[in-house]
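First, one chain by itself: the form predicted alone, in structure tokens.
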């Protein structure tokens, strides 16, 4: 069995398809050309409005074995995925591949559709119960494939994934197909994840609960790519875009980690005029963002831009003039949505603009630094964000790989212990992001610097910061709680983790026992 560049054994084929093992963060040279949807035309006066979602599905030609796609911008408030799959079940359509950008706890009812054979394949992030269910093994025809935001865009654009029918939830749309997510009573923010779906799918259905007169502006999804428009009672609940992780932590341990993270980038000389950054939406990252804002104000410096997933904390920095422009791929609260509506310096971007490996420019490549999290890190600086130490497939990749690969300094913030489980391992349970693109790991016990970055180690020591090795921090945690149990895996693959270039960086296997 071939071994990839992070030392993981990767099968030559998975579900009968050839596999390209990961060879390095930038080893792949793209080949071929971009694909697109079929050529179509319309006539003056032709209508696109379907009388119902069910009739739109009938007219789309959706049949057994096809692929349906969705975006996740409503997060845990999404309602469209279940409406479509429930309708497919009533119509007797089965053996579908679900190609959503992400699934959340609200999608737990999909389990019955997996059991009934309506859904037999899933490609996309699975946060929570669907991931847990799939982790039990034997549930799907093929192992789910997980990709980063940029990796999904690439997969569609190069024809790796062919979408038969794209269903695009919009909080505002007109009868001709122009649609967005920033207006309407259920506005969710940018819906630009689905732009590539609209370009490349065989059939595109915009679904809205807020039909407005032509033209709906701004048109994130454009009329020329839309076959049908369907109206439903509610496409999603915007309250679901906010979760408990979108609050600044008050944990003393996490606050120490946040302060150390900001001190580290300051020591590296990155808090300066014209800087750029991405801060995540977890509690520690939001705390780091607050500390960063204070340091910037004290120093009198301004960021040229910041990249979101955007929260009210980043919006506040924009309003205060600390950040000149926000490039926004996803809104995480109502304040972010309002800012998109009203501030021209707050701009929505697509995953293609943000992070497409097969392109001549990624916004992430322009970042000075980024704060990211993880469920585990190992002594080679590899990071796991997909599984816990118990081996359960519970989280998606999001932009983790894309940002880590692009930022000049990538900072992983995490505690050495969660509960009584050590987070620094000899080897992570699952490799999501390779150590070659991770620069610093910041814990409550100190800052570990990747040996690839001796320049950073010198900067941090000069600033008097607590530089420690991962080995030292791992040993300290294990003196308190021991090494912790590790899963024993069987042969069955229940998940495939792609690197952003389409190569396989790791596979997730069914857990058989513990050791």
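Numbering follows the first chain given and starts at 1. Computed from a predicted structure; not experimentally measured.
Missing here is the form predicted together with a further copy of the same chain; even so, the following discussion is about that form.
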Subject >> Residue (of 321, 215, 269, 419) lying close to a further copy of the same chain in the predicted bound form, criterion heavy atoms within 4.5 Å >> reply: 215
Subject >> in the predicted bound form, the one of 99, 381, 104, 357 near a further copy of the same chain [non-hydrogen atom within 4.5 angstroms] >> reply: 357
Original post:
Heavy atoms within 4.5 Å of a further copy of the same chain in the predicted bound form: does residue 304 have any?
Top reply: yes
Original post:
Using 4.5 Å between non-hydrogen atoms, is residue 48 touching a further copy of the same chain in the predicted bound form?
Top reply: yes
Original post:
Does any heavy atom of residue 65 come within 4.5 Å of a heavy atom of a further copy of the same chain in the predicted bound form?
Top reply: no
Original post:
Contact between residue 405 and a further copy of the same chain in the predicted bound form at 4.5 Å, heavy atoms?
Top reply: yes
Subject >> Which of 282-290, 109-117, 174-182, 230-238 sits within 4.5 Å of a further copy of the same chain in the predicted bound form, heavy atom basis >> reply: 174-182
**OP:** Check each residue of 137-163 against a further copy of the same chain in the predicted bound form and list those with a heavy atom within 4.5 Å, in sequence order.
**Re:** 158
